[in-house]
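Next up is one chain by itself, shown in structure tokens, the form predicted on its own.
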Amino acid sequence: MSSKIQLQINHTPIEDYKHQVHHHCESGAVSNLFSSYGLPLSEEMVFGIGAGLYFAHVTFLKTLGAPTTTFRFFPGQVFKMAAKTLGVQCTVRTYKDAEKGMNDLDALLAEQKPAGLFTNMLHLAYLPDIFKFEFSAHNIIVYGKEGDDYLISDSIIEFPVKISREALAKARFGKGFLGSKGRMYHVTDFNPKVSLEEAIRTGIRKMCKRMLRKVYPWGGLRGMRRLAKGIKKYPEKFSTEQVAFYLTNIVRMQEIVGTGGSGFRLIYARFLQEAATRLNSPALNELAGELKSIAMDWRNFALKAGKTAKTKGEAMTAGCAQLSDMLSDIADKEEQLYLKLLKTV
């Protein structure tokens, strides 16, 4: 039985804006933004409908000097996919001129419209030091202004904060990795008759097909298996220090940088549980359990990688071989899971 989401757009959403803490900046920001306009969706539901789950290991693109490893799809795509699938119409802008970007933000706030922004984490003084590095696709919501200070809802910290116009402009127009050019987005309208159930199915199908397809050697399951082979060769290709650095960076991206643990697998498992209730599908609930088990495999992989990074010589070589086998096994399990998900939806 298909239900429709009954929406009533709020013309003064800033007055009712509620800050909610989430695991990941983009899915959390979109959840908070949509909720402020009368579309209350959990972070997990946004992430699932937005087909956020992914894997890529790109050796030719460096993050902090190491090959880029990501466990989610590219920045901005969760928001784009979720909005498109749910029938939410949004305006997205980028800017060459910082002053123009800040003035447009002020105009939106004057109309009582909260806005999502891409920012550089390095320039957000309120973030803990562990999150301060060059990354210009960190999503925050600006929901108000007091004098020259902006009211910021950053879903990965506990409370809203205030930052100055100068500080926000610097964060928006930082020149670091994935320079965002002041990207700003806000809701303009939505389809009041959208089917949440069909949006769930669409999101699941999109994610599964993306993980299973073999177009790119660095992406999806193909990328996981390629990395598994690569890790095994690390000790003969790189110095001990470089192997340790590469392994540590993979763990960092998997467990620390906004993933909610196990490379977003736990978030997606909770999405499947919520989807199982919405679709009255015991099969989805069972698959959520399978993904939680795979998430623990990822956790064990991270623990092993951390320990291997502290070794040398034969111990490091043996550790890398074990990591290769572990990652190959995870890829096999995920492949079976995605095939079953496709059949289920």
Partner chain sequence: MKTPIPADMLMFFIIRMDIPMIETMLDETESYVGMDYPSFIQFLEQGFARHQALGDSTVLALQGKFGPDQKAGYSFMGNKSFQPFELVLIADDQKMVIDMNTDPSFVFDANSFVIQK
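This structure is a prediction, so every number in the text was calculated from the model and none was measured. Numbering follows the first chain given and starts at 1.
Heads up, the form predicted together with the partner chain isn't pictured, but that's what we're talking about next.
Q: Which of 305-313, 43-51, 281-289, 25-33 has heavy atoms within 4.5 Å of the partner chain in the predicted bound form?
A: Of the options given, it is 305-313.
Q: Which one, 264, 143, 79, 73, lies within 4.5 Å of the partner chain in the predicted bound form by heavy atoms?
A: Here the answer is residue option 143.
Q: Pick from 194, 228, 161, 212: which has a non-hydrogen atom within 4.5 Å of the partner chain in the predicted bound form?
A: Flagged contact: 161.
Q: Could you tell me if residue 233 has a non-hydrogen atom within 4.5 Å of the partner chain in the predicted bound form?
A: Residue 233: no, not in contact with the partner chain in the predicted bound form.
Q: Evaluate residue 252 for contact with the partner chain in the predicted bound form, applying a 4.5 angstroms cut-off between non-hydrogen atoms, and reply yes or no.
A: Flag for residue 252 set to yes.
Q: Using heavy atoms and a 4.5 Å limit, would one call residue 248 a contact residue for the partner chain in the predicted bound form?
A: Although the partner chain is absent here, residue 248 would touch it in the predicted bound form, with heavy atoms inside 4.5 Å.
Q: With the partner left out here, check for me: in the predicted bound form, does some heavy atom of residue 238 sit within 4.5 Å of the partner chain?
A: No, residue 238 stays farther than 4.5 Å from the partner chain in the predicted bound form.
Q: For the stretch 111-130, return the residues whose heavy atoms include at least one within 4.5 Å of the partner chain in the predicted bound form, in the order they occur.
A: Heavy-atom contacts within 4.5 Å come from 125, 126, 127, 128, 129, 130.
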